[in-house]
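A single chain comes next, written as structure tokens; it is the form predicted on its own.
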Amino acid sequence: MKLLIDDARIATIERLCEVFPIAGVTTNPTILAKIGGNPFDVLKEIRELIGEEADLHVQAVSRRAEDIVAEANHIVKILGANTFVKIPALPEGFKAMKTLLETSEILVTATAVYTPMQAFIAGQCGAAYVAPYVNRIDNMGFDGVRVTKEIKEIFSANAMETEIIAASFKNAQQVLELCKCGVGAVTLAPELFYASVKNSAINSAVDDFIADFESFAGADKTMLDFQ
């Protein structure tokens, strides 16, 4: 399962890439609005930071299929390979996905997925990924984790190559549940990366180990002080 960052702040992405095994970055219009200016300025910075091999997901915002296709080609032309164009899983979006599948090698991520049927149709239209909004589905009174698992079962039952990139998480437990079933990827807000490994018992155990070592080796001593 790939881990991606759902953010566009360069300093934040850089810090997370130093610590965690990051496979790429996802963005959307709301995330880019927080940065402002020419969206390609920050997207080019992200691409340079994460490298050509990492995944970068960028959303098209046109409403008509023909315009979505043109926008998708423009995005990939500027940002290069391994750029996934996010297209909403709606009728005009499905039409655009089919056109891109027939006419280009552009990678598509079907976004704004709330139901298994949206995901199934997007997969049949050629989407490489579908992005169910886990917590937003919860907020509608359904079970976002369960819906995501159902999508995975549908893809498996129909021998579809489309993968899931689950998005919109409230807590690390939701992420863990999807780790267990092996979805293709999750994209997380920066704070969830740290929350997933934050535990006072862990810190306490490490502090105890260091204190025990210093009790016989001396304060601030490490293994580097011995040979």
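A residue's number is simply how far along the shown sequence it sits, counting from 1. Fair warning: this is a prediction, and the values are worked out from it, not measured in the lab.
Heads up, the form predicted together with ligand E4P isn't pictured, but that's what we're talking about next.
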Within 4.5 Å of ligand E4P in the predicted complex, all of T111, R136 and S168 (non-hydrogen atom) | yes
Answer with yes or no whether N28 is in contact with ligand E4P in the predicted complex, where contact means some heavy atom within 4.5 Å.
-> yes
Does A131 reach ligand E4P in the predicted complex if we count a contact as any heavy atom within 4.5 Å?
-> yes
So which stretch, 45 to 53, 65 to 73, 174 to 182, 160 to 168, is the one near ligand E4P in the predicted complex (non-hydrogen atoms, 4.5 Å)?
-> 160 to 168
Taking ligand E4P in the predicted complex, which residues of 1 to 20 have any heavy atom within 4.5 Å of it?
-> D6
